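Take a look at this one chain, the form predicted alone, written out in C-alpha cells.
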C-alpha cells in the first residue's frame, strides 16, 4: 500500500515539497544547535524546559485523543465512526513521532537518547513515559496498518488484532497520565503540584485532538472524494464540547485553589501568566488570547444549532485547538518555572532558531500524516468504487 503515497495530483506534490523545504530548513537550524549547544535557544538555568517540551506535552495529548474514536467504534459498535477511526489512529502515529523528535532536539546531544535505553531507571517517570509512548506508537502502527490492509482485501481483521485494540484503548490515557506525572511529581513547582493535573491533561487532550480531527476531516472532504461522514463529525463536535467545558472547569478549580488559599507559591504563576509581575509580562498577551478563544469556542459549541453549522463548528474547532496549544503547549510548561525558587522572575521566549527547529518537526509530522492519510483515503476510495 506504500505506493499509494507516491501517487497524487499537482496540489498534492506542491504540499509535499513545501513540507520537505520546511523540514530541510529545520534540519539546518538543528545542525547549528547541535554545533553550538542549547545556548542558541531561549532556555536558561531558571527555565530549563521551553518550547520543545511544551510542544511535546501538547502533542502527547493529540496522540492520546485517538481513543475517542477507537473506544466508541470497537466497544460500543458506533459504526458512524467507521470512516474516521483510521484517521484517528494515523493522527496518533504522526503525533507520537513528533513527540519523540521534540524530546530528541531538546536533549541537545542525540547520544543522550540512548542513555534511557542503555541505563533504564524504572524509578523514573521519564523512563515510563518513554515506554508508554513507544508502546502506543507500535500499537497504532500494527492495528492501523493491519485493519486497513484487511479492509482493502474485503476480509475481517485477523483475530489477534482485537486484543491489541482493547489494549490500545487502555493504553491511550496512560501516555498522557504519565506525562502529567512528570510535572505533578515535582514538589518544588507549585503551579504543577496539583492532584488534578492528569485530569486536566486528559480533558484538554480529548478536546484538542478531536477538534484537530474535525478540521482534518473537513479538509479531506473538500480536497478528495472521500467523505468522513457528517454525523460522525457532529458527534466529534459533541465530544469537543463536553471536554472543552470540563477543561475550563478544571482550570477554574485551579484558580479557586490558588487564590482562595492565598498561598503565594500557587498565586504568583497565575499572576505572571495572566497579569504580569513587576513589568514582566511576555506571556500575558498569549494567555489572554487563549482565554478569549476558549470563551468563543465554548459559546459556539454549547448551542446545538450553532454547532450543527459546519462552518461554525470548524471555527470553534480552530479556536479550541489554538487556545489549548497556547495554554498547554506554551504557558503551562514555561509558567511552572516562573518565579524561580528564589522568587525571582526570569522570563523565557523561544529564539528564531528554536522556532525554526520546531517548525521542522511539525513539518515531519505533517509529512507522515499526509502520506498515511493518502494511503488510507486511496484504499477507502478503492474499496467503495
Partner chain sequence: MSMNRRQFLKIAGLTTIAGVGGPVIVAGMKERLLEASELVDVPERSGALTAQRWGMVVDMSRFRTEADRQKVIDACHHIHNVPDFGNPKDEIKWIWPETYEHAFPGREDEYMPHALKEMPFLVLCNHCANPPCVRVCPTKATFKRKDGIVMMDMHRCIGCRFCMAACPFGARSFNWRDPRGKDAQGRPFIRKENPEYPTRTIGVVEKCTFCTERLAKGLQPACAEASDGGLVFGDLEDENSDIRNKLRNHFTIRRKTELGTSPSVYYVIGGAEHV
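In this text, all values refer to a predicted model and were calculated from it rather than measured experimentally. Positions refer to the first chain, counted from 1.
The following text describes the form predicted together with its partner chain, which does not appear among the structures shown.
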task: Using a 4.5 Å heavy atom cut-off, indicate which stretch of 62-70, 356-364, 320-328, 28-36 touches its partner chain in the predicted complex.
output: 28-36
query: Taking the shortest heavy atom distance, is residue 118 within 4.5 Å of its partner chain in the predicted complex?
result: yes
message: So in the predicted complex, is its partner chain close enough to residue 132 to count as touching (4.5 Å, heavy atoms)?
response: no
- prompt: Just to confirm, residue 156 within 4.5 Å of its partner chain in the predicted complex by heavy atoms?
  reply: no
field: Residue contact check: residue 106 to its partner chain in the predicted complex, 4.5 Å heavy atom
entry: yes
Sole residue of 188, 279, 163, 285 within 4.5 Å of its partner chain in the predicted complex, by heavy atom: 188
task: Scan 138, 167, 296, 126 and let me know which has any heavy atom within 4.5 Å of its partner chain in the predicted complex.
output: 126
- request: Using heavy atoms and a 4.5 Å cut-off, decide whether 48, 182 and 192 all contact its partner chain in the predicted complex.
  value: yes
message: Pick out the residues of 327-366 whose heavy atoms come within 4.5 Å of its partner chain in the predicted complex.
response: 337, 341, 342, 343, 344
